[in-house]
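Here's a solo chain for you in structure tokens, the form predicted on its own.
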Amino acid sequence: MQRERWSSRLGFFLAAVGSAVGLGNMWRFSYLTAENGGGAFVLLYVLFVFLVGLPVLLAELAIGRGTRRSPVGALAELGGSAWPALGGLFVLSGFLILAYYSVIAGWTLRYVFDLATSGLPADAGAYFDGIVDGGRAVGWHLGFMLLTVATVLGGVRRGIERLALVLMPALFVMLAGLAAYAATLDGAAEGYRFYLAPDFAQLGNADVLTAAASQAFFSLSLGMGAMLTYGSYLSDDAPLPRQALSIAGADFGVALVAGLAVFPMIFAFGLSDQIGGSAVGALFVTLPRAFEEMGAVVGTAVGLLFFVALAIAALTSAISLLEVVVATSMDALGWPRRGATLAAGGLIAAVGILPALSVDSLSLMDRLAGELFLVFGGLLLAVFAGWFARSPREAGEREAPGELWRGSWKWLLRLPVPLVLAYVLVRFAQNLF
């Protein structure tokens, strides 16, 4: 079976950015920033994106393009019989993350529908409590999975790439507009100070370090095989280092702009004391209260724009997660795309019913798959690419601009990246148990 390819570098770039840019940049980034002191977390997040995330991102792209296979087959080809299990971990991580991610994405669709039809809720907290779990949460989760499956059924060019070419520019415009509006609010300066001015005493805080590293991996879609799979569809003449740097930069840029929209609104309306105690409070409860303060007409319009942007970001990331499982089924089992997509999508949708019925189950899955599995997989991938793989460095280096880049990439993968991720992994284990 001939492997599909992206039709253009722009299509690949927007699809890869769509994979990286998701709820991790807007929902997860905002609440982690709130819980970890603001500017110090943001500064560490930037450092981890470019010093830890970027080398692993480049390794995933190089391995995918160098083998033209999905995670299990790619690692088997480059590492022999000892390494396919790591590819299996990537697939399992993507599977589990999508199972609960689609529940959260379903919440965003519910907000969009209710804002468009009924306006702002009278009590944001009670409204959220009423939609977060139960039968209706299951229904919206299944609806979101149908959208994801329908896109992946179209294939790389007619499904994933075509959607990315439309939705990603729209997302960028929406976020820029929201950030510009937030800048006009009285009291926005206090939000900027919280968000952008680091407390340097917090830079050595182990919890802040751990949260920033895990967020860098989650937001770049690393450790789940998505970038490896997307790289397997990339043409041979695309310059991998430049592509990886562009993806990382765009991913960070979206997270930064999302924060520039979220925190000025929260502080302008005196809601800062409500964002640190709940993983979901910064967006799904606190922001609707901020929209309410703007007045019915303006608040509904701004709220609708925000949650439409959030839903777009969720969909582009969910597509990449499903594609990992689908591509693996096609490569390993020889299934056609239609059968692989329907089977994988149906099974993930079924597993997602549990977190849709229980927020505690959702939180546990996020801790295990969204943090522990990703970091563990990223650690093993760095070790694999830096020390054991037969050819991934050559695949990524052949268009690299000079010895400095190549030497730096190899050194980062071999020593600093594994050490940082090993430390984060130990912290996760301590906190989990």
Ligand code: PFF
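Quick note: we count residues from 1 along the sequence shown, nothing fancier. As the structure is a prediction and not an experimental result, all values here were calculated from the model.
A second form of this protein, the form predicted in complex with the ligand, is not displayed here; the remarks below concern that form.
Chemist: Tell me whether Val52, Leu54 and Trp409, taken together, all sit within 4.5 Å of the ligand in the predicted complex, counting heavy atoms only.
Modeler: Zero of three within 4.5 Å in the predicted complex.
Chemist: For the interface check, one of 211 to 219, 152 to 160, 117 to 125, 180 to 188 should have non-hydrogen atoms within 4.5 Å of the ligand in the predicted complex; which one?
Modeler: The contacting stretch here is 211 to 219.
Chemist: In the predicted complex, does Leu23 have a heavy atom within 4.5 Å of the ligand?
Modeler: Residue-level check for Leu23: yes, a contact with the ligand.
Chemist: I'd like to check something about Phe306: if you look in the predicted complex, is any of its heavy atoms closer than or equal to 4.5 Å to a heavy atom of the ligand?
Modeler: Outside the cut-off, so no.
Chemist: Would you check, heavy atoms only and a 4.5 Å threshold, whether Thr341 touches the ligand in the predicted complex?
Modeler: Close contact is absent here: in the predicted complex, Thr341 is far from the ligand, nothing within 4.5 Å, heavy atoms only.
Chemist: Heavy atom to heavy atom, is Thr108 within 4.5 Å of the ligand in the predicted complex?
Modeler: Although the ligand is absent here, Thr108 would stay clear of it in the predicted complex, with no heavy atoms inside 4.5 Å.
Chemist: Looking at Ser232, Ser320, Thr286, Thr328 here, can you tell me which has any non-hydrogen atom within 4.5 angstroms of the ligand in the predicted complex?
Modeler: Of the candidates Ser232, Ser320, Thr286, Thr328, Ser320 is the one lying within 4.5 Å of the ligand in the predicted complex.
Chemist: So which of Ala356, Ala226, Leu75, Ile247 gets a non-hydrogen atom within 4.5 Å of the ligand in the predicted complex?
Modeler: Exactly one listed residue reaches within 4.5 Å, namely Ala226.
Chemist: Is any part of 227 to 260 within 4.5 angstroms of the ligand in the predicted complex by a non-hydrogen atom, and which residues would that be?
Modeler: Stretch hits: zero.
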